[in-house]
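In structure tokens, the next block holds one chain alone, the form predicted on its own.
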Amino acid sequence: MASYMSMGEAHRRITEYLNRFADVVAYQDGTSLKHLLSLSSESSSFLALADALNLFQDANRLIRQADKYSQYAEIVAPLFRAMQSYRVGRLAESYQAFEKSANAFIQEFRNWESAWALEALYVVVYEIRVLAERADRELASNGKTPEKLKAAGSFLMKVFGVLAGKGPKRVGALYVTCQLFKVYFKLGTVHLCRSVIRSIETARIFDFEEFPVRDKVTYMYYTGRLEVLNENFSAADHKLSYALTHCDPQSEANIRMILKYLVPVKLSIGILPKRSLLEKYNLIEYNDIVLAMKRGDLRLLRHALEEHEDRFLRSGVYLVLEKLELQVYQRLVKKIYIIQKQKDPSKAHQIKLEVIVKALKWLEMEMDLDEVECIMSILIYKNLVKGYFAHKSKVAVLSKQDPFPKLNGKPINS
């Protein structure tokens, strides 16, 4: 802590930082620069520097005393204030100062011709989002309006504008986009993602394949989640599958995050995951849902949805899973068909509605003939069952050829 540091030691640490900062910029050492800009790392050198700044209290004088330092005063002076506030837990103040430093850094970055400082920019972009989230929690706990994350989003859009041009810097645009997605999802303003997506996917200056794999995986993960929200399951399957295929196989936490959305998407197009996969990635909340789909057990499906309702709602997949009822009904009718075929093959394709009512009653699901007739009509309309309905005799007459079409990885007809 600062109480154990002499004034001379504090002066030495601050001067040493200023020398390093000037040198790494002069030598265009992006890797070293990124470490000088990180607050959240809370490394021992950062903590010692923050303590030195809080003890010395006049770092601005040191910055102004030499041209070597003063040319970067607009970056370093507010960065020092951010460090001081961060060290003593005043996160909203720290964010305010860091944003000022970050704006000055962006101005310098814009003037640098090459992309040598891209790694440092990534750190600035990451730090401003994380610091904004923590600052907002502090503001909310003090009864104030959390506003820093929204401000961070505006800053990130400015950074995106700097990168969205020709030249080597443009490969950083996707990383910034992914940080923007995280901000918008956190704020619940996912509609704002559209304009950035349009820029990435339609602008001729970007070639998606030239972006780093890490950023492409994150991008596909978030755009896949957006497709889930829009119930565009074919596109969601493509994007989330891309993210899964290209994700680092050692990153089990990231694989789990992708599967949390890919599993319900696969279920919606009739593809059931293996139990071993669900258990490996701790997604056991889907076990009973998969079992219900295999058995045609509507009671089990509804019980699983009720048991894990909060989790599914938070993930935004509850409505996707709720719509699996149609596939469960299809499976139930198919099981009745198979049993009838074993007893009397000539009449297997004629299923009386009262038989379905009895099957549902056995599952403790009370439905009358009219409700079952409505469900059968929907199954036929959605092409989950091939056949027609004899209203007068209350019988579903199934096609003798392929009465239960498979989805084969395609969404149910809307």
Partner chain sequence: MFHTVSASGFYVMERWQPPRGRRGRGRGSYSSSSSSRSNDSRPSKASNYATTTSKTTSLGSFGINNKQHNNDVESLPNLIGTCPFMCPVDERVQRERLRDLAIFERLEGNPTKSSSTLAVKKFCRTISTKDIRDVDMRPVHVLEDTLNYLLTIFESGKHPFEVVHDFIFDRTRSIRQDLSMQSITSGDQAVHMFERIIEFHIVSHYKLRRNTTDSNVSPMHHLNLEQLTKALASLYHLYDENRKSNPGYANEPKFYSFYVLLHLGSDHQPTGESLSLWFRTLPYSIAKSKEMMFSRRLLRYFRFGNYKRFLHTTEAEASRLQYYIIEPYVSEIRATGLSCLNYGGYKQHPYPLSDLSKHLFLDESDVESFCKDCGLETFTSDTGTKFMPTKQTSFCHPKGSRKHYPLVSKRLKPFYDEVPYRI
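Residue numbers count along the first chain shown, from 1. The structure presented is a predicted model; accordingly, all values stated were derived computationally and were not measured.
The form predicted in complex with the partner chain exists for this protein as well; it is not shown, and the discussion that follows is about that form.
**Q** Just to confirm the contact call: exactly one of 359 to 367, 342 to 350, 31 to 39, 53 to 61 touches the partner chain in the model of the complex at a 4.5 Å heavy atom cutoff, so which is it?
**A** After filtering at 4.5 Å, what remains is 359 to 367.
**Q** Taking heavy atoms only, is L49 within 4.5 angstroms of the partner chain in the model of the complex?
**A** No - in the model of the complex, heavy atoms of L49 and the partner chain never come within 4.5 Å of each other.
**Q** Is there any non-hydrogen atom of R214 lying within 4.5 Å of the partner chain in the model of the complex?
**A** Contact with the partner chain, no.
**Q** Is it the case that L187, even though its partner is missing from this view, gets within 4.5 Å of the partner chain in the model of the complex, heavy atoms only?
**A** Flag for L187 set to yes.
**Q** In the model of the complex, is there a heavy atom of the partner chain that lies within 4.5 Å of any heavy atom of K158, even though the partner is absent here?
**A** Contact check for K158: no, nothing within 4.5 Å of the partner chain in the model of the complex.
**Q** Find the only residue in E279, E306, E209, D248 having a heavy atom within 4.5 Å of the partner chain in the model of the complex.
**A** Exactly one residue meets the criterion: E306.
**Q** Which of Q107, T202, N230, S154 has a heavy atom within 4.5 Å of the partner chain in the model of the complex?
**A** That would be N230.
**Q** Which residues in 376 to 400 have a heavy atom within 4.5 Å of the partner chain in the model of the complex?
**A** S377, I378, I380, Y381, K382, Y388, F389, A390, H391, K392, S393, in sequence order.
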